[in-house]
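Here you get one chain, nothing else, as structure tokens; it is the form predicted alone.
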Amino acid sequence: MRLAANARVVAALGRRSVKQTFRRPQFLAPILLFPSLLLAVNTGGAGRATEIPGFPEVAGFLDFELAGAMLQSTMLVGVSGGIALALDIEIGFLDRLVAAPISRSAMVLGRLAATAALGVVVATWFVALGLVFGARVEAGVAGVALIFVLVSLSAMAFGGLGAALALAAGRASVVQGIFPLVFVILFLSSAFFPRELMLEPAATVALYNPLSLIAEGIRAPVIAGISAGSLLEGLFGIAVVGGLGFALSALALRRRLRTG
């Protein structure tokens, strides 16, 4: 009975968060627009990179770049979710939730459910965009379904980090300031370029960057097919990011409830 009640709360808060995103273009536009523009620039300007010796065998550079664009977009989903949560804190909405007879974890899980739903939107957008402009998913329909799952889980994982930052800082401006760091961490991974062709120290950083595992897990169905190894690596990368985000969110929420 208690579990069902919490599930209804999470669903209600998740719906509210998704509607909030679609009602505010400043939340939704960066999630899709910035990664799409970068995808177009990279594909148009570096399309012949596939001819470099050692570059993975792909049908086209767009096929390789799609995973990076989706990963970038899911990271922005996490930042956007953190900004929205910080705004809820600023207007006192979180305080009203605290006063309500609901599970404390449901307050964060509702936001994470929304980021997972937005991950589906991201996957739909970029898979459709890729197919329109000539990309090919080697794994077929099953590969597309796997991409949807990985992208949705990635968005939820990054949402945990965004929620932790929002709960710790309590101000939207602080969460928004993390935006440049998103790009630095992303470019120090194999999201946009093969790790084997990077120079040091970027190659070593990318090797241990969990974003590389996530990007390669999403990319595998596009350029090669479904691989158990790539899938497990992708899920492991998501688990690392998600586990860190959930742990930090729990600590930040506990601290906020204790200090008010």
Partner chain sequence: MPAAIETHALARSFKGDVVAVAGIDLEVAEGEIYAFLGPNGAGKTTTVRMLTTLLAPTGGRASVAGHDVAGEADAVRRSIGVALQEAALDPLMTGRELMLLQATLHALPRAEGRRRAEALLERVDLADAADRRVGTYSGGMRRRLDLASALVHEPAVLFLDEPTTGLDPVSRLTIWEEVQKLNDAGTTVFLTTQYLEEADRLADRVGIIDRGTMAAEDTPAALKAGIRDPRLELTIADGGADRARDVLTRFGEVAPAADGRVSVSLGGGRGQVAAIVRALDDAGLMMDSLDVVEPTLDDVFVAKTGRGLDDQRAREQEQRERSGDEQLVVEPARQ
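Positions refer to the first chain, counted from 1. None of the values given here were measured: they were computed from a predicted structure.
Keep in mind the form predicted together with the partner chain is missing from the figure; the text below concerns it.
Residue V98 is the only one of A142, I185, V120, V98 with a heavy atom lying within 4.5 Å of the partner chain in the predicted complex. Mapping the unseen interface onto this chain, E90 counts among the residues with a heavy atom inside 4.5 Å of the partner chain in the predicted complex. Not displayed here, the partner chain is kept clear of V241 by more than 4.5 Å at the level of heavy atoms in the predicted complex.
Although the partner is absent here, V137 is not a contact residue: none of its heavy atoms lies within 4.5 angstroms of the partner chain in the predicted complex. For the chain shown alone, A169 is a contact residue for the partner chain in the predicted complex, at least one non-hydrogen atom being within 4.5 angstroms.
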